[in-house]
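Below you will find one chain, with nothing else, as structure tokens; this is the form predicted on its own, and questions on how it binds or moves follow later.
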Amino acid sequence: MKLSQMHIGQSGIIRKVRANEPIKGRLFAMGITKGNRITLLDHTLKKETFEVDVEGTRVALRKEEADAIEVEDEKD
């Protein structure tokens, strides 16, 4: 599933980042890399921005960035 499809409080493992190189580089610099645990903390009402925790670091993402991150639910 995409990060943008997760529910608040849901956690998962990052499986893939599908973005162009500038965005992918920015996400990697924030710790958003394959295998890291990510938790959705909050999002705006219209899901335009997302607040996540990645391995203990809080990060704010735009919708297009959240759409680029594929996450596997920890329960799978």
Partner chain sequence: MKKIRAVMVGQPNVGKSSIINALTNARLHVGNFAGVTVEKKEVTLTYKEYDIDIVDLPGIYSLNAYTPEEQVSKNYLLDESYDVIINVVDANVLQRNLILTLQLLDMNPKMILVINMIDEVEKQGGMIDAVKLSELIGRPVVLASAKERRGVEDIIEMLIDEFERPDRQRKIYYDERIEEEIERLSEILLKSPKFISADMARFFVVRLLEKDPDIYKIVHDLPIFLELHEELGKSIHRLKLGFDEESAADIIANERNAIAKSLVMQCMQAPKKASLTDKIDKILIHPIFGLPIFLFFMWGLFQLTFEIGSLPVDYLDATFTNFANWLKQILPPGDINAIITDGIVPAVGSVIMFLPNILILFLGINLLEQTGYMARAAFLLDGFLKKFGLQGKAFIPLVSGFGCTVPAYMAARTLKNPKDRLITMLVLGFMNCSARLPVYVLLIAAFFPTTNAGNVLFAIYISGAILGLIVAKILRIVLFKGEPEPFVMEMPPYRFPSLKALGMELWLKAKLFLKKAGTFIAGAAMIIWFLSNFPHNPQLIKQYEQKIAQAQTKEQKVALENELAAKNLEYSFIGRIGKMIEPVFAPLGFDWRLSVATISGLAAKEVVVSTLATLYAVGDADEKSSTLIERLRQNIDFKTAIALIVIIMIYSPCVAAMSTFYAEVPRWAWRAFYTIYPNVLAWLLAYSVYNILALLGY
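Being a predicted model, the structure only gives us computed values, none of them experimental. Numbering follows the first chain given and starts at 1.
Form predicted together with its partner chain: not shown, discussed below.
Would you classify I38 as touching its partner chain in the predicted complex, given a 4.5 Å non-hydrogen atom cut-off? Heavy-atom contact with its partner chain at 4.5 Å: absent for I38.
Within 4.5 Å, heavy atoms only: does D67 come near its partner chain in the predicted complex? D67 lies outside the contact set for its partner chain.
If we check its partner chain in the predicted complex, which of the residues in 1 to 28 reach within 4.5 angstroms of it by a non-hydrogen atom? Those in contact are K16, P22, I23, K24, R26, L27, F28.
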